[in-house]
Structures are given as C-alpha cells and as structure tokens.
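This document opens with one chain alone, in structure tokens, the form predicted alone.
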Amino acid sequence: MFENSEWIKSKKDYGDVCPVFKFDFEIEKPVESAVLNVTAMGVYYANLNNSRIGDFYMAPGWTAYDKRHQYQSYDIKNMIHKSNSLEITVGKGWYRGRICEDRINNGWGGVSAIIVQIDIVFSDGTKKEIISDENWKTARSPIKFSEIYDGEIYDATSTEYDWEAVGLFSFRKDLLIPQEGETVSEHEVFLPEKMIITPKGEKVIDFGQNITGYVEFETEAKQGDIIEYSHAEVLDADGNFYTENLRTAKAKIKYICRDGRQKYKPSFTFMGFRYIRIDLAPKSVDINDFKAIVVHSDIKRTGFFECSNSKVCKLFSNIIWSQKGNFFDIPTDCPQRDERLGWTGDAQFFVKTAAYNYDVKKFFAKWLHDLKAEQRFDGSVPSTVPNVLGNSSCGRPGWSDAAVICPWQIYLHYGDKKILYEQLDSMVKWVEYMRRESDGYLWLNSKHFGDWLGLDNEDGSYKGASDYILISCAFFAYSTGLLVKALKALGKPYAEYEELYNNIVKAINQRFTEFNTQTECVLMLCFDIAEDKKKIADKLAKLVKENGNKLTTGFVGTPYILSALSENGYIELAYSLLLQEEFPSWLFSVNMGATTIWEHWDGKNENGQFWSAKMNSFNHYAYGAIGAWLYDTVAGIKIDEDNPGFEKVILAPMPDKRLEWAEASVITKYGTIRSKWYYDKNDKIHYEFDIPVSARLIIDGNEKYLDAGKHFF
C-alpha cells in the first residue's frame, strides 16, 4: 500500500490553522469498486464532492506513531461522480498537539501531512490508481485553531480558499498499518435540560449527563457575530461554573458566524462535560439551538445489570457512562483535563468490568499492540500507552502489569487464543524484567504509585499507606501466575515459570506476616498468595468494620475488595460496603449527583468543596471496577477458566436480602446468559437462569450441573 504515493504537506507554515488538501479527478467509465486509503500526521476528515467520507471521528486514532501508524480504507464507490473533488482537512490531534500538561508539544512531529491512495476498478476490468503527489493543492481551512485540550476556533466567513501547490514530505511508509481498532463515532444526543443563571450571572446550559463529545448548534446569525462557549463537568458549591479541575485545558469553542442559517460542531477536539457556559453570543441564540453529542469508540454493549436499589442502579449507569467516556480509541483515564492518557494501571484495573459491559476484544487488541510496541528493550512497560511520559514512568507495579493482566482477561472473556499468541512475548518480557529486578524472589521496587489515592495515609497524600514492597511482590506473583496459565492455554512449556511463581509466593509469606491495610489484605487474598486465607480475611473484615463498614482502598485495592470479602466468608460485609452511602463509598458520589465515576472518593465533599484541582476528574472509571462483582457475584455470572469465552459458565449468585432482587445478562458468542434472583414475601429466594450453554450451578455451597435452557429454583 502507498508504494507510489507521497506524503504531502503545505509548503508554507500555516501555524495553528488547519490545512485542507484538494485533488480533482475525472471518471469516464462505470465503476465496479473504489476504495480510498488515507491517513494523516495529525487527525483528519475527508469529503468527496462535499459529502463526508465515513463516520470515523479523530481518524486515524492514537497509536505509538513512531512505531505503528494506522491508515483507513473507505468504500467510496457510491460517492463517485463523473467530475470529482476530494478534500482532506487535517488537525493537530495527538500527533502534533500539546499532550499532557504541555510536557509534549509536537510530540511525534511538527508537520500536518497526508498520504493517499485511491484504488478504482472499472466495470470493464481495468484499474486506476490515484495517489498523493505534487499535483494536489492545499489551502488554509476555516478552522483557525484546534487542539484536543483547548478547543477550536472556526471562522465561517472564510469561504474563499487560496489554493497553492503542495510540498512533498519524505517520511517512512513502513510504519503504516491497516486500521486495527474500533472507529470513534457519534452516539447518543442530549438536549438541554435547563438554562441556569449562576450567582455570578453566568448563562450555563445543563445537559443532565457528564459525557465525552462535543456540542453542536444550529442558529440564525449575522456575519461577524461570535458564539463562544466553555465546558465543565460540575458546578461549585455556590452553583457557579467550575473549570479549575481542567488545569490548563481551555476547553473552549469560538465560532465566527456568516450570514443566515448555519450549523457547526467541532472537527478535531472533544470535551468531557455536562455543562457549557455561553461566554459570548448574539441575542438570536437560544438554548434550543444547542445539543450535546456523545462520542466514543464504536463498541457494542453486551452487559446489563439491574436491581431493586435505585442508587445501585445509578452506580451501574455511572460505570457505563465512564467507560463510554473513556474508551476513546484508547482506554483513557479521563476525558476533560490536560491529560486524557492511556494509563496502563487504570486499564488493567477495569478490564474485567469493561469486557462484561461491552465487546472490547478488538479495542484492547489494538491498544495492547501499542503496549507491546512501546515496551522497552529491558521488558519494562510505560505507565501510559502511547508513552508520552518517557522512560522514567516505566516499570511501575500494578500499572506495567497490564502487559499480562489485560491479555489474560480478554482471553478469558472471549475465548480467543490469538490475543495470547500476539502478546506472549510482551508478557514474558515483563515477568523477566521483574525477575531481573528482584532480590531473589522479592521485588524490592522503589518506583511506585503505591495504592494510588488510597485513604489510609496522611491527608493530602496521593498514595495510600500500603507497603510498596508488598504491592510490588504481589503483582510479581500475580503476573507470573497468569503467565503460567497463558503458557498452559497455548500448550507451551511452563514449568520454569510455575517454579518461579511458587518461589515468589513462598518468599512473600516468609517476609510478610502482618497486614496493616485493607489493600494489603485484599492483594494477599485475591492474588491467591496467602497461606492462611482465613486469618487474613478476618483481618480485612476487622479493618473494614473498625472503619465503620467503609473502605480505605485506592486504585490498587478497590477493584478486588468486594471479591476478597465475598470469596472468603464475608458476603454480608461486602454488601455493606456496596450499600454504604457515607463517605467514602460508591453511593456517596451517587448521592452527590454524580452521573459518572469520580477519580476521588471525595472529589466533591458533602459541603460542596472540591479535592485539589490538580487532580480531580469527575469521569474516571477506575473505581467502576466494582462492576465485575455485580455481574459475577451479585448475579453470579462467572467465567469458567477451563472453558473461556463462556463456552460453559459458572452460575454462583450470592443474594442479600437488603436487595429485593437483582438481574444481569451478558451477550456472548453463544447467546445471552441471564441470571435473576428475588426474595418473596416469606424471604424465600427464587432463582431464574436462561443459558445458551451448559453450566455449573453453585448455591450455598451446593453444586448442580445444568444443560442449556431455562431453569427455575
């Protein structure tokens, strides 16, 4: 592909203005097929004969561009006329824009360029190839400024293009790969719920839901009128527009109107927001001119959960919305501030829940290929993929383990060994890195995020009080154990790593005999390291109860704490944590009006005061990892590791009478698995299962095998 094509760019430096490239061509014969192959240094959209090609927003997506650069192929047969004009507009995007608090500007290159190949087959069997070369033209587009963090400036009065010759740009083509991931496209639309006049006199539109995407408006205006608006997730304690948590991200749109009726939405930026503030507008602009459009990767919903508790249902809804808001070509941490990065820790903590909620097989395969490409020669893995933080961020326990945990979880959920084959070298390299860095069988690592945002340390600390060395060693054991399972699944030798795993576990139990935090107990239990599980489970329960049936865990412990309790005899206490409404708890943010998962347990406290603006996202899915527990413990739809991909299923619901009923369903390649239970007026529990495959049913420790079909107990 692209053997005869050239990278082309504008000869002049357009600065912040987005260039548009143009090529006109004639078609004299009937067309059998026509495919546009294209990519850009930056992000692009293409129009053929004034009609947009495809629905991929922010194409070509975000990859480790210096190692893997996607191109897209579009069927344009039905768009071709006799005389044709192809225009491709390019924004900075991730490739050229500032990324991560200004630490990277022009991160992968300072040029907006494209490469194109159109393959046309005529009805008579002849072929035609159209390529990008010196015959194309370029001009400044009406998009005068566009940055992912800062927003866009669009001048609708710029209707005349000053076309000029393009320049050729000598750059590698061997990095170009066909589209691997899901496309990013538009989804739900939210109309304004209300206009708010804040105490400061600001005009604020509330769309009712924190989303990722952008605002579209259509209005009547006069030439030179300006419409300008800013984005925010929350209002402050006084009800004023709050943007401090965006840090340096401006998140602002400026539109310069032409005469008459007109419509606009951004092309090369996206926001995380619930509210917009109208900073400038002509009197003719009305609240009904605006609508919010949700944008995320085109993943298919597969998981559903409901129960009798409306607040738990809202929590589940918030988990779904945070996944949608942060599955934007890569699994990002947040969609609003000057960050929006593919943090490896966030991704691996949430991957199990993500796979229940949506079909994320293709989504994660693409991102894991980037992880493998970004992995250092020594086997260490960056904390963000693509890696914008540099080598200093590599090799962090719980984060770099995404190299092993994510492929294994995707394999379990979809039963396709391809992901293990493709990532096995990466998995081995990460385990070998930890082995080389270890002291015998203990990884005494000092490069650490700890139990990120745990609450059991001194006020203001970003890291919980859990022992860094224990966290390092626990993940060393966990990833090594998963590698053993992966090697077994692939029929490859595993004895060496099984011995390594056993020695790590033995060393951990010799070194650590007392556990002082909830997270320390959780890791020992859920990573199957503890020799005396009852002792540690009792300690965990004691710590939770002494804290008023509240958790203190951060990013590391929270995904597993309910499982640690429910799998070790404390199901009632696990439900108490689920149903806890006081801070810190999942339902605290629900009571505070959250429509997505918060980064901090107290991102906004009961007095309306905010956690530090330096790090306070209100759309951060990490704590939404509880979703997997709602599926596999409350509803009891568990993956059978011996029969991955739901070829067979384990049904092991664990009811609690504080919920009157609960129901979940998961769409698999074999059909939909549905589990429901409810209490009748005599407190008798009724179970309903609808399964397309055979199952092992476990209720109160009793086992029964079920054939495919509907079952009632």
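What you see is a predicted model; the values in this text were computed from it and never measured. In this text, residue numbers run from 1 along the sequence as written.
Below, we turn to the form predicted together with a small molecule, even though it does not appear here.
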Consider F449 of the chain shown here, and say whether it contacts the small molecule in the predicted bound form, taking contact as heavy atoms within 4.5 Å.
-> yes
Would H296 show up as a contact with the small molecule in the predicted bound form if we use heavy atoms at 4.5 Å?
-> no
Hey, in the predicted bound form, is M615 touching the small molecule, heavy atoms inside 4.5 Å?
-> yes
Does the 4.5 Å heavy atom contact test between E152 and the small molecule in the predicted bound form come out positive?
-> no
Heavy atom within 4.5 Å of the small molecule in the predicted bound form: which of Y411, W586, F476, W343?
-> W343
Answer with one of D467, E147, E339, E87: the residue that has a non-hydrogen atom within 4.5 Å of the small molecule in the predicted bound form.
-> E339
Go through 501-509, 159-167, 235-243, 330-338 and give me the stretch that gets within 4.5 Å of the small molecule in the predicted bound form, heavy atoms only.
-> 330-338
